[in-house]
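Given as structure tokens, the chain that follows is alone and in the form predicted on its own.
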């Protein structure tokens, strides 16, 4: 891990950009710590860290205020990372299907999501190795955000992830439902009831599939970008309860 920049934000948060095997990432930590703090990995859609930065930084500030560190990495084929022809073709197929007003078939969903999961999850685990080697960061670890299929796989295969907040979304391959049944860590799932890009019933079916003994569905009215502040605060309390 190589840190490329460092700045102190106005609310006592230290923000550092880094690269890990040419993968860009950002780490947010309390500006001063007396002991290693737990870590929350911030997931996000494949829109690029530059575009997602305002939302990620806002989430990170809340995380750090609760006594955690937060970190994220750029997803494959996004931002400044090399183009990924297969994923770009799958995105184009998805756009055409949605513009046509018809259902998105399983082949498009699988082509779009499964390769991303296969490539991104090992990268998240490598980033976790590097982050936990820093003296200011310790366990336990949480995962927060999307892509929900990445969160499912990471919660299943990474024993250091002790709890997860997942952002409900559509386009979940059938294979991920099978993996969801084997997830056992505590879960807090955020669902926007009127999300224009989400199949509500599919999100409910996925929640039902999770094998965790403790799982909470927090559904609020509103569209995709209308997550109310209190919903985020409930997710913050979930992590405080499970990671501190």
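Numbering follows the first chain given and starts at 1. Because the structure is predicted, anything quoted here is derived from the model rather than measured.
One more form of this protein should be noted, the form predicted in complex with another copy of the chain, which is absent from this view; the next part is about it.
Judged by heavy atoms within 4.5 Å of another copy of the chain in the predicted complex, the contact stretch among the candidates 49-57, 213-221, 22-30, 172-180 is 213-221. A residue is said to contact a partner when one of its heavy atoms sits within 4.5 Å of a partner heavy atom; residue 201 meets this definition for another copy of the chain in the predicted complex. Not displayed here, another copy of the chain is approached by residue 237 to within 4.5 Å at the level of heavy atoms in the predicted complex. Contact annotation for residue 241: at least one heavy atom lies within 4.5 Å of another copy of the chain in the predicted complex.
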